[in-house]
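Form predicted alone, single chain, as structure tokens, below.
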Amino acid sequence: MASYDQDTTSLGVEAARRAVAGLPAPDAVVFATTAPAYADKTNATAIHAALGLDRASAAFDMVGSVRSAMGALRFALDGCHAGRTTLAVLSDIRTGLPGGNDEAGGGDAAAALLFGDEGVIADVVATSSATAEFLDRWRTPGESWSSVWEERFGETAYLPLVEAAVTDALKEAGLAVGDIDRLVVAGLHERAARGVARVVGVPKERASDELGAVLGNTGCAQPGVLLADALDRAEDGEVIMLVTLADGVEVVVFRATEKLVAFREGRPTVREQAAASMPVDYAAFLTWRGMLRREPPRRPDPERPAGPPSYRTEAWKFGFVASRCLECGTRHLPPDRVCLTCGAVDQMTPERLADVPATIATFTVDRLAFSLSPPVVVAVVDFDGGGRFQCEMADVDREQVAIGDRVEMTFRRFYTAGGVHNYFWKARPARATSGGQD
């Protein structure tokens, strides 16, 4: 589950960072979620800024429905055909009523997939759609949980659409059912999703695990997460069919290339990332989701972040871009015009530090600072290559943190005041080498 300082935007940033690590910057970003941090305002622009993309790169949202995920993938694929490298970011936080199936079976996750024509690890060989208007799950704007129609109705609506869409996809690809090596099925209607392999005629051993016991159903992010999990284990030449159930059926057929196995080396799998979690008690979970009001910290409420300074310092606040003096080599965090060491003026070059590891020089545990998950661990960290910075820590056990620990930066939502989310970077204990899925 997402932590108290995470939302769909910050989750999307973390997935996007892994997807583009070591690769050319995309020409466009498209963000899909059912739980956007903002309405009216584009959420993809925060991801764009956190990645430090050029202003000429486009950023768009597709929000509100689970089907938006496949819309983002199809948009990215169309961009690829037009010669644009496009990053599709799928992110979701699932919330249900306490004690309900959605609460118990929901999960939070983000996946990012980069579509381009260089270094391809999986070719798209066919797509198909079967769209229909029917009511199996819905949520009116402003509500935090969904309503669900009786399960058997959804099953009778979805499965004929599956049969039609899969037939069309196989015909376009020039393949037969027996050529499908891995069948990946995503969708919030579990009963219909379980029936897809039977309708398609794929043996159960070729149907991928929906990861429900590991992650829960991650809604809009689920197609990307399950596809990434299949790519974690696929071999060269394998055919992967992704079937998504959401107000109709979307099918995408992939064929793994010879570059897939080499691409995976040194990158954590989906299951390894899911295992790197910390236990959260139920009261904390309800508090983080806004369902349990508890005594607030006895400190002044945080102030609403202002728009103008956030805009002026976009590269630092969102991209974590510092500066290095060209005269003496001193690195400055935050970036500065005047060197603190040699006094040189406007002799700086920008340096992005979001992906630079650091070491804890000292730390303190603050039991009075405002937080939904007190106490706050504040550390002073020294970045490799120079630069010292004081910041909050995330995903840390205050009993285990120690001077000399290695940390990495993570994009988080510090707090929300006056309807404005205050995003910035925290340090967290260093994990395995970051990786991504193409």
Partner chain sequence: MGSKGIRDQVAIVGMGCTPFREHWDKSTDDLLVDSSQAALAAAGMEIDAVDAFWLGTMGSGISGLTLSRPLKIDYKPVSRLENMCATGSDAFRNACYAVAAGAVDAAMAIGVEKLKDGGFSGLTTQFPPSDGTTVPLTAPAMFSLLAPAYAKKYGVDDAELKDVLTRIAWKNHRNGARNPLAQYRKEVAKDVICSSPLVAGPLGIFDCSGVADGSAAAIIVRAEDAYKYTDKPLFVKALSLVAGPSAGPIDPTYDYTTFHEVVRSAVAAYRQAGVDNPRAELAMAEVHDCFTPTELVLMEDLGFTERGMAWKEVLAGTFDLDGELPVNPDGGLKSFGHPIGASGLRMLFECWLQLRGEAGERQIDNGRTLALTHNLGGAPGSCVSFVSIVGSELTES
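Numbering follows the first chain given and starts at 1. What you see is a predicted model; the values in this text were computed from it and never measured.
Not pictured, yet referred to below: the form predicted in complex with its partner chain.
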| property | result |
| --- | --- |
| In the predicted bound form, the one of 288, 316, 263, 134 near its partner chain [non-hydrogen atom within 4.5 angstroms] | 316 |
| Position in contact with its partner chain when the complex is considered in the predicted bound form, options 305, 100, 212, 201, heavy atoms within 4.5 Å | 305 |
| Any non-hydrogen atom of residue 366 within 4.5 angstroms of its partner chain in the predicted bound form | yes |
| Partner contact for residue 174 in the predicted bound form: its partner chain, 4.5 angstroms, heavy atom | no |
| Contact label in the predicted bound form: residue 382 to its partner chain, heavy atom within 4.5 Å | yes |
| Contact test in the predicted bound form: residue 147 vs its partner chain, heavy atoms, 4.5 Å | no |
| Contact stretch among 136 to 144, 175 to 183, 331 to 339, 250 to 258 - heavy atom within 4.5 Å of its partner chain in the predicted bound form | 331 to 339 |
| Heavy atom contacts to its partner chain in the predicted bound form at 4.5 Å, residues of 381 to 397 in sequence order | 382, 387, 388, 389, 390, 391, 392 |
